[in-house]
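Quick setup: one chain, the form predicted alone, written in structure tokens, and binding and motion questions come after.
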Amino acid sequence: MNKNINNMYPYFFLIPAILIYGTFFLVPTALSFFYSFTWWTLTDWEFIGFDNFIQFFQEPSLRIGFRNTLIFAFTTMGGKVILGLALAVFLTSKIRNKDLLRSIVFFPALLSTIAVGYTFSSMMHPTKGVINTILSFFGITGPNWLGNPDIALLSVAMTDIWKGVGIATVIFIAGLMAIPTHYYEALKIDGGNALQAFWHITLPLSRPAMNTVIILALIGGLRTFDLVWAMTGGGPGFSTDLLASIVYKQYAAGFFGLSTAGNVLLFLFVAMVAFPIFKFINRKEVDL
């Protein structure tokens, strides 16, 4: 009896974590799936089957939302991977004030997303914004960054890259510092240059860090709402509407069951996009 208790003793420490995880994640997730099949208010509910899902797929902006979400997610993911790796290589090289530069690069990640959204919205104003004012100083007529449907989504994506590249850089720095230095020394003895060192050592051996950045950036991009809502509110028209903003609009209009169904679809959509990519990229990791 005492032996069984001793064997179970370590698992007792998991009970608080399990309770918190179940209360704040598992239970709300299960309730979301249930209420997606209902018409509900704060005081009443009625089971209506798949009607919410059918109605959600009839949304005129849904096709645009799916397209915009994929474009936004892969654009921001690509930008964070490329810029994050480039900055990490630079910030792990033999330069002065390395710690200060790392702090500057990471600083945007500490800022409130809403604050960043409103700030860049002001900076991208077509006539009074700082960006177009600087461009006009050089004789360049700046575009309407957030008012032109053709570039509004890209403008928001660039803002997201600026805010999130610091985290990607830190992850890449950790990955690069884990690469044994004798690989570079051996290449240098063989007459290799900096480009060969990057292509044959840095790039393949930083793949675990790159995989982490890809997954985090992709899932974050697919779930983005706050930055888009702060900068454009989904406009002009539906040009920057993402799935999350469509769900929010339904909820704000009082269609609680419909918005819950949209959240379930968003969860499934993120899983269907991210999981195959996660399985694919992890097959190609290189051991140190």
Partner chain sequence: MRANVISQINEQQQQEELIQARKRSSRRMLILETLGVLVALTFFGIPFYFVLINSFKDRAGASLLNLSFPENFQFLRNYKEVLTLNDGVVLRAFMNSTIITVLSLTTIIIICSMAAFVIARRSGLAKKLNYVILIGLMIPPSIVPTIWLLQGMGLFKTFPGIISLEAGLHFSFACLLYTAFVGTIPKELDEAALMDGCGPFNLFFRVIFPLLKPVTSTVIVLSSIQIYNDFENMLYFFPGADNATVQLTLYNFTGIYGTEYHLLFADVLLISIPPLILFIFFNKKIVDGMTAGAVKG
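Here, rigid core means the biggest group of C-alpha atoms that superpose within 1.5 Å across both forms. Just so it is clear, the structure is predicted and the values come from calculations on it, not from any experiment. Positions refer to the first chain, counted from 1.
The same protein also has a form predicted together with the partner chain, omitted here; what follows describes it.
Engineer: My question is simply whether P108 lines the interface with the partner chain in the predicted bound form - judged by any non-hydrogen atom within 4.5 Å.
Structural biologist: The answer is yes: P108 has a heavy atom within 4.5 Å of the partner chain.
Engineer: Considering only heavy atoms, tell me if Q196 and the partner chain come within 4.5 Å of each other in the predicted bound form.
Structural biologist: Close contact is absent here: in the predicted bound form, Q196 is far from the partner chain, nothing within 4.5 Å, heavy atoms only.
Engineer: Though only this chain appears here, would T260 touch the partner chain in the predicted bound form if you measure heavy atom gaps against 4.5 Å?
Structural biologist: It does: once the partner chain is placed as it appears in the predicted bound form, T260 has a heavy atom within 4.5 Å of it.
Engineer: Taking 4.5 angstroms as the cut-off for heavy atoms, does D51 touch the partner chain in the predicted bound form?
Structural biologist: The answer is no: D51 has no heavy atom within 4.5 Å of the partner chain.
Engineer: Quick one: which of 93-101, 69-77, 146-154, 179-187 gets within 4.5 Å of the partner chain in the predicted bound form, going by heavy atoms?
Structural biologist: Contact criterion met by 93-101 only.
Engineer: Using heavy atoms only and a 4.5 Å cut-off, decide whether all three of F47, V81 and F238 touch the partner chain in the predicted bound form.
Structural biologist: No, none of F47, V81 and F238 comes within 4.5 Å of the partner chain in the predicted bound form.
Engineer: Is any part of 10-32 within 4.5 angstroms of the partner chain in the predicted bound form by a non-hydrogen atom, and which residues would that be?
Structural biologist: Those in contact are P10, Y11, F12, F13, L14, P16, A17, I20, Y21, T23, F24, F25, L26, V27, P28, T29, L31, S32.
Engineer: For I18, is the C-alpha shift between the shown form and the other one 2 Å or more after core superposition?
Structural biologist: Moves: yes, 2 Å or greater.
Engineer: Can a Cα shift of no less than 2 Å be assigned to F33 between the shown form and the other one, given superposition on the rigid core?
Structural biologist: Yes, shifts by 2 Å or more.
Engineer: Once you overlay the rigid core, does the Cα of W45 travel 2 Å or further between the shown form and the other one?
Structural biologist: It does, since the W45 C-alpha is displaced 2 Å or more between the shown form and the other one after the core fit.
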